[in-house]
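Encoded as structure tokens, the following chain is the form predicted on its own, with no partner shown.
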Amino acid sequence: MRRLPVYLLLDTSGSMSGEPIEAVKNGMQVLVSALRQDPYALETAYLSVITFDNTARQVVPLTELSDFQIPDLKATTTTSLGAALQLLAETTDHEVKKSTADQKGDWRPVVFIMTDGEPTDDWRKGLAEFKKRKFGIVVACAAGAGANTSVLQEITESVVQLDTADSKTIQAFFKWVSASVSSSSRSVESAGKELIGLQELPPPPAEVNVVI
């Protein structure tokens, strides 16, 4: 079976403390609950969570939906986005199955990045490692006015922005992520085709603005 790896890179810096981090946890619950109702996603989608604050860590390895447990996230310190990109690159090297002469490997990983601020580490170093790997669609979300969309646009051309990082808006983002993963799962399962552009995903809700 060819898996569709889905990686969530989540900012857990100090500025996410309080309502935003609680909204992210609730959003992940909504995401997983919705995907478990989707037979295509249940069949193909595997989830992983990488968080970043003063360092980056993989808090959930690539896991099938039925076994996925929501991690207990805490917001603290700085924003090591570069470390998260580097960890993502290294993690996919050993978690994502490569194609061989006899067997097709996993689909290219789908990545969603959420941050509410500026990176505080050498993010270009992590970006260089990230760019050496092949990913499917990569969506970066600037949560609130404090996020630097210019940095995110160097990571991917698919950048969206939330006007605020309140509970309602973050929930709307995660519902859209859920719909996007469902669409990607359906496309690879029924048509054998990966979705690679933001325009191929479901239209984002009013709370999620596409950055051009």
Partner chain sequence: MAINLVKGQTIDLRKNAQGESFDLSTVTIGLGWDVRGGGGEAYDLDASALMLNGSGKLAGINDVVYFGNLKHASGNAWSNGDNLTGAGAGDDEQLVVKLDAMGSQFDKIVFMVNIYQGRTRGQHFGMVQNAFIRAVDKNGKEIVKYSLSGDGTYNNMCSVIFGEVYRREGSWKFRALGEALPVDSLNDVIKNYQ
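Model, not experiment: these values are computed from the prediction. Only the largest set of C-alpha atoms that superpose within 1.5 Å between the two forms is called the rigid core. Residue numbers count along the first chain shown, from 1.
Omitted from view is the form predicted together with the partner chain, to which the following refers.
The chain is drawn here without the partner chain; in the predicted bound form, the stretch among 77-85, 92-100, 136-144, 120-128 whose residues come within 4.5 Å of it by any heavy atom is 92-100. Against the partner chain in the predicted bound form, the set 104, 189 and 192 is in full contact: each member has a heavy atom within 4.5 Å. Heavy atoms closer than or equal to 4.5 Å to the partner chain in the predicted bound form belong, across 1-19, to one residue only: 2.
Once the rigid core is used as the reference frame, the Cα position of residue 72 differs between the shown form and the other one by less than 2 Å.
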